[in-house]
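Only one chain is included here, represented as structure tokens and corresponding to the form predicted on its own.
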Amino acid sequence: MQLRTEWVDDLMIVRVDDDRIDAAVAIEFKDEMRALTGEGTGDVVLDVSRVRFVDSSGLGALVAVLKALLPDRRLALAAPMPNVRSLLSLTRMDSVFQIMAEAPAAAARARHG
């Protein structure tokens, strides 16, 4: 699982450089996200613009990361591809996660969100 981080003030932006968050990588993804976000205090934007596929294990990992951050920090998903956005809508996770249409504007929107 390839994750890259960038900080904008106290906002952490994590970019997923893999094209799948599925059963094969869900545990690794969850563990890496917890390690990256465990000590921080700001909100997190997960740039999923390169992710083409998320299965139920991947969705579960996303929820686990969100639960690990709450109640003090928020997790937003930036630039999901249409099929990932459809999964989020179908499972009603689009009402749980803040969804941002574009990754470049993610930091600014999250700061004022």
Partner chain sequence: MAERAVAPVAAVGDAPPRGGEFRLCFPAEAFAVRTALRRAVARFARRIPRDSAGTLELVLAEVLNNLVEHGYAGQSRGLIEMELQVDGEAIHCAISDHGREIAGLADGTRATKPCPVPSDLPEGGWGWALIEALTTDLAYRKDGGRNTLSFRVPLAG
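Positions refer to the first chain, counted from 1. For clarity, every value in this text was computed on a predicted model and none was experimentally measured.
Another form, the form predicted together with the partner chain, is not on view; read the next lines as being about it.
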The partner chain isn't shown here, but in the predicted complex which of Met93, Ile13, Ile99, Ala103 has a heavy atom within 4.5 Å of it? Met93
Look up in the predicted complex whether Thr41 has a non-hydrogen atom within 4.5 angstroms of the partner chain, and give yes or no. no
Interface membership of Ala64, the partner chain in the predicted complex, 4.5 Å heavy atom rule: yes
Close approach of Ser57 to the partner chain in the predicted complex, 4.5 Å, heavy atom: yes
Under a 4.5 Å heavy atom criterion, is Leu70 part of the interface with the partner chain in the predicted complex? yes
With the partner chain taken in the predicted complex, which residues across 22 to 44 come within 4.5 angstroms through any non-hydrogen atom? Asp22, Ala23, Ala24, Val25, Lys30
